[in-house]
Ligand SMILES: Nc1ncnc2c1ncn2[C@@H]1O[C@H](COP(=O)(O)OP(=O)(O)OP(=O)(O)O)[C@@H](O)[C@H]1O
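What follows is a single chain, given as structure tokens, in the form predicted alone.
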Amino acid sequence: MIQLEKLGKTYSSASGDVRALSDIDLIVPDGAIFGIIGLSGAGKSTLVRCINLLERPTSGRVVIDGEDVTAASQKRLNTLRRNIGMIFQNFNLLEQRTVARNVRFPLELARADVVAEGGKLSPIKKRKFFKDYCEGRVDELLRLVELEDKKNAYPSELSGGQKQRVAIARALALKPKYLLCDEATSALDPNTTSSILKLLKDINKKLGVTVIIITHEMKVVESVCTDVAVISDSKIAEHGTVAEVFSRPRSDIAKELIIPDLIRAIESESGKKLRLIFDGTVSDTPVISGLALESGVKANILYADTKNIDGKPLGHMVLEVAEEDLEKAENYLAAHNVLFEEEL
């Protein structure tokens, strides 16, 4: 489990201090696919880089599996980082190395630890053990990311999606418990994004790796994440399960990410907006026809969206009703157990 306690990060510059993170309290449970979403400049990339101390927090603590990482010595930190894989938006592959040698690279850096798994061996046997271990591990990972046929290719010969698959395989080389993904799909087209997200979901399920995904796209969160934190102006605006936040966003930033700006900006002198929330229990209720037939309320549908999140149909609908019909509409919705809130 990853715990962030009162985490803060401030950058100093000639023009003054810039606060990137402020009093972040967050728990990432083991086994989750945890999304951290926010607009550009909100602090989400700084947050994920503070988890493995690529950025050292100015204040607060990062506690991983009960150990305060921020208090660790550099030697201990280097050991702890082997349990945290990371992938980036721009892949960061070594262009002069083949796919296989890119995946092998973390094993080379941790050679002493790898060889130690073989027990007491002579120098010759150590070299053979290391060679055999690396070959087996690389082949295993390339099968996992479905790139066995690209083993001897170079990064320049790969598509963007294939490069990210190599980066994922490399991040898993040392069998980490956690995988940090910093805008890992932002440079990819929609179809490739979908395949990479499916791969991350499979890795989470098959290997039990806890995945943290940094993104500015709600679609990424909806498609694979179990939990989400919304960050705005360097602070956590809200967090919860994806179903909870998608169904009932409380903060302005979450509403902005979930409901299109165009719909939120519509104003009417004579009408009121109601946001209906479907949590999977009454998604088959004929709301619009019921409002008209039973209550005589005419409603204009401004927006509707339904998602399949974690196997449940969840969604919301934004209606515009005449101000004089607002009370009748609310009474009807309440009587039929349809969750709603007035959009102000």
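Just so we're clear, the structure is a prediction, and the values are computed from it rather than from any experiment. Quick note: we count residues from 1 along the sequence shown, nothing fancier.
From this point on, the text means the form predicted in complex with the named molecule, which you will not see here.
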task: Would you mind picking the one in 295, 58, 70, 46 that has a heavy atom within 4.5 Å of the named molecule in the predicted bound form?
output: 46
query: 42, 33, 50, 276: which sits within 4.5 Å of the named molecule in the predicted bound form by any heavy atom?
result: 42
message: Taking the named molecule as it sits in the predicted bound form, is residue 334 in contact with it (heavy atom to heavy atom, 4.5 Å or less)?
response: no
task: Classify residue 24 as contacting or not contacting the named molecule in the predicted bound form by the rule of any non-hydrogen atom within 4.5 angstroms, answering yes or no.
output: no
- request: Give a yes/no on whether residue 321 approaches the named molecule to within 4.5 Å in the predicted bound form, heavy atoms considered.
  value: no
message: Would you classify residue 329 as touching the named molecule in the predicted bound form, given a 4.5 Å non-hydrogen atom cut-off?
response: no
message: For a quick check, can you give me the residues of 17-33 that have a heavy atom within 4.5 Å of the named molecule in the predicted bound form?
response: 18, 20
